[in-house]
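Quick heads-up: it's one chain on its own, the form predicted alone, in structure tokens.
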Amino acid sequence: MQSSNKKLDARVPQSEIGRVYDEIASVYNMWGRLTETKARSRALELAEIQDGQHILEVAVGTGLAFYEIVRRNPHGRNLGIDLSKGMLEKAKQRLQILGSANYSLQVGTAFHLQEEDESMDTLVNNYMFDLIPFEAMGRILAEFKRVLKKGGKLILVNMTEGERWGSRVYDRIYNWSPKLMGGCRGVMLRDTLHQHGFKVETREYHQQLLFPSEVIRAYKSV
């Protein structure tokens, strides 16, 4: 696992994350379209959603990915959770156009998922681990592994360490004001996933408006 003395660690307490994202919920869609669209779209491709699946999105935000999940899985079970009530309200507004599609949105935490053991075919998580302290990541991955079926699919998108020109500007912003970055800093999860019982099949680097993202498809080791 990455060491906090070499990498940027989380500096916004978890107890404050919900409030931070309540405050930025009204502008998050714009930020997401400018910096995260390519990575989210690629993650949805890698998810290979089939209608009738049980899918959980943790940290659903304003529903930018969840809308597409529900649209592609209208006869399955779609559950989205988030810490921020403000973000969930935006997600609910977005999903209204889908009418009676089978989905549920609720307040929840990645540290204590309410789903039964081995109940999910796919778990999607966008831009959350970049908010999590390194020492706490294992507890969340244990929960992800618990609720996924054997061989279940984990789709992750994170802000990652910049690899191309200009991408390190976000590190400087984070060092100056973590909350201005919504608490996000660059992480790389491949090794951490291996250490906690996941087989990483794909890890891709994407950059949009200088913002660096990693997109990962992994499977629960049987």
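Being a predicted model, the structure only gives us computed values, none of them experimental. We number the residues from 1 along the sequence you see.
Below, we turn to the form predicted in complex with a small molecule, even though it does not appear here.
Q: Have a look at 125 to 133, 69 to 77, 146 to 154, 97 to 105 and name the one stretch with heavy atoms inside 4.5 Å of the small molecule in the model of the complex.
A: Result of the contact check: 125 to 133.
Q: Quick check on Ala110: any heavy atom within 4.5 Å of the small molecule in the model of the complex?
A: Close contact exists here: in the model of the complex, Ala110 approaches the small molecule to within 4.5 Å, heavy atoms only.
Q: Considering only heavy atoms, tell me if Ile55 and the small molecule come within 4.5 Å of each other in the model of the complex.
A: Answer no; every heavy atom of Ile55 is more than 4.5 Å from the small molecule in the model of the complex.
Q: Using heavy atoms and a 4.5 Å limit, would one call Leu64 a contact residue for the small molecule in the model of the complex?
A: Yes.
Q: Contact with the small molecule in the model of the complex for Arg40, defined as at least one heavy atom pair within 4.5 Å: yes or no?
A: Heavy-atom contact with the small molecule at 4.5 Å: present for Arg40.
Q: Each of Gln14, Tyr28 and Ser84 within 4.5 Å of the small molecule in the model of the complex, by any heavy atom, yes or no?
A: Yes: each residue has a heavy atom within 4.5 Å of the partner.
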